[in-house]
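Next up: a single chain in structure tokens, the form predicted alone.
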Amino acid sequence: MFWLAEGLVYRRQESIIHSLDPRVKLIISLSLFLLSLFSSTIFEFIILLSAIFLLGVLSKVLRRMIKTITFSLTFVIMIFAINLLVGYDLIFSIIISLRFIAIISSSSIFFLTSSPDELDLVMRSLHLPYDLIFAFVTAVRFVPVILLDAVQIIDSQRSRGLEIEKGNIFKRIRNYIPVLIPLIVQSIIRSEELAEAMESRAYGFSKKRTSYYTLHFKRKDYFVLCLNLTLVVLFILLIHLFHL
């Protein structure tokens, strides 16, 4: 499970996408997210997923993006099976499953190429309440940490003889109780340590916060924004022509 946790951790790299302003990366991810909602044929999703994977290659995060998709395959299979059981046809079930994969992949583009600090700056630029920003950024920071804790606890319990994969589905769920309890306790301890650290730094004392870093658009950011807008318009026109 360690390789799944690695797929959720931000790694600083040198690439075209990493060097962009985080607001540009957010706009690209949102554009892909919205296009995945508007797409309604397998051909459109093939083009959209190809563009997403091309961005993954350019940003050098394709392998970790695939790990994230692999982590969500259980939900993809559940979505596909539920749609078939409800009565939808095979093509519609495939389209819904591809839409979920496209949504996960488009979100991964931003989170795998943007650090939590950049996410903080983006949310500040939107003038959101800082308490909300801090809670969201902290959650983003701690999701991979908690997953790594779960991996370590599972390995420790297996070394003590716990057989997690043994028995039927209800027995397997009960087998995870010795994993969940230490994980919850560890999360509570970590949250208390975080609260003490915030209190020692006088969190909330000053309402007017400043930042050492500021966001500025560069020429390449404007170019990528124009290119993104052009490609989105072309894709929408392609969808319109395909349905004529």
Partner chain sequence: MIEVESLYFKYPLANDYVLKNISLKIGLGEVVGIMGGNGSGKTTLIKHFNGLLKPTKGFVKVFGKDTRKESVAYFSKKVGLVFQNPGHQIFSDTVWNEVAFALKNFGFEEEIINKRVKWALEFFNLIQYKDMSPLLLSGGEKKRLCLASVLAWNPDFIILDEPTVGQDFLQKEKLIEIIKMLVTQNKTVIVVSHDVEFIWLLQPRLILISNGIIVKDGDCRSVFKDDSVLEKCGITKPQLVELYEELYPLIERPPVDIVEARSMMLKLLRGLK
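Positions refer to the first chain, counted from 1. Keep in mind it's a predicted model, so treat the numbers as computed, not measured.
Below: the form predicted in complex with its partner chain, not depicted.
Legend entry - Non-hydrogen atom within 4.5 Å of its partner chain in the predicted bound form for each of 156, 182 and 185: Spot residues vs its partner chain: full contact, yes.
Inset, instruction - Could you tell me which one of 73, 143, 162, 103 places a heavy atom within 4.5 Å of its partner chain in the predicted bound form? - result: By the 4.5 Å criterion, the partner-contacting residue is 162.
Legend entry - Answer range among 29 to 37, 174 to 182, 197 to 205, 43 to 51 for contact with its partner chain, defined in the predicted bound form as heavy atoms within 4.5 Å: Correct option: 174 to 182.
Legend entry - Contact label in the predicted bound form: residue 63 to its partner chain, heavy atom within 4.5 Å: Close contact exists here: in the predicted bound form, residue 63 approaches its partner chain to within 4.5 Å, heavy atoms only.
Inset, instruction - Indicate whether its partner chain has at least one heavy atom within 4.5 Å of a heavy atom of residue 115 in the predicted bound form. - result: Contact with its partner chain, no.
Legend entry - Contact of residue 152 with its partner chain in the predicted bound form (heavy atom, 4.5 Å): Close contact exists here: in the predicted bound form, residue 152 approaches its partner chain to within 4.5 Å, heavy atoms only.
Legend entry - Within 188 to 208, the residues that have a heavy atom no more than 4.5 Å from its partner chain in the predicted bound form: Nothing in the stretch sits within 4.5 Å of the partner.
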